[in-house]
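The chain below stands alone and is given as structure tokens, in the form predicted alone.
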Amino acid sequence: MEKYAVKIEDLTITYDDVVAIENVNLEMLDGEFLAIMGPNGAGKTTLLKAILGLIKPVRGKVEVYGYNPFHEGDKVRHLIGYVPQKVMLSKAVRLTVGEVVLMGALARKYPPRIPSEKDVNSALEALKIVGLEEFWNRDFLELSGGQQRRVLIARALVSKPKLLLLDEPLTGVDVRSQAEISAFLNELNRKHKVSILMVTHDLNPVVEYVDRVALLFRKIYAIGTPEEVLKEDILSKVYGSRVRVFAYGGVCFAIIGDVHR
């Protein structure tokens, strides 16, 4: 019997009577690398917050490994590592890389939140996974954008989640960093058996690694392998006419113009 990491049925969420997502149905298998693709305003972050149990739907059902995030939030949060698109860290309070990663462990503790030796070892292990174990004492704000993203992924990994949720992890970093992070996510999924659900407006940097992609703009327009979804007639339903798709080395890539919907 197939085991689902995430199962969503007929999910509808509104903000002040404005529909953010409508009648979304989505099944993600345990161990899968799934990308949710769509333009700004498509409802991608809203979908992640529903999976986390942070936004209650008007109707519909969400399950994470069989648990309801709205009624069994503690169980769900122990299964998920979450990397938001934006992390607000004050420049007035300088934190080391180690302190940022330890936040992932301390967030699950009751006050006073004092890191144990086990927490420190888990944080070091998470940094090793992302290839930054030598950065423990470095100032987080002095790192490059790509290095900061890897540190934030390590923070999400410190609790050893079964499912990693990533909100636009490749936005705002250079092309080389995008390639490094994408390759790292593939290794995390294949070698460390972490299920990954990533939302993005640009699939190209990670297209060769994902198992399936879901095209979202308030509702799911298509879901399947990248080869099945990355077609001009399908993408144009969401992105309009400024879409071109080409194949290189057996992999499909999409060129999409700026879209504001």
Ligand SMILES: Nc1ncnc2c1ncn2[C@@H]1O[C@H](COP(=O)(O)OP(=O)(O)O)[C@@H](O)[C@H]1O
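The numbering used is simple: start at 1 and walk along the sequence shown. A quick note: this is a predicted structure, and the numbers were derived from the prediction, not measured.
Note that the form predicted together with the named molecule isn't included here; everything after this is about it.
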{"query": "One stretch from 189-197, 231-239, 24-32, 43-51 that, in the model of the complex, holds residues within 4.5 Å of the named molecule by heavy atom", "finding": "43-51"}
{"query": "Close approach of Val18 to the named molecule in the model of the complex, 4.5 Å, heavy atom", "finding": "yes"}
{"query": "Residue contact check: Pro39 to the named molecule in the model of the complex, 4.5 Å heavy atom", "finding": "yes"}
{"query": "Proximity of Gln85 to the named molecule in the model of the complex, heavy atoms at 4.5 Å", "finding": "yes"}
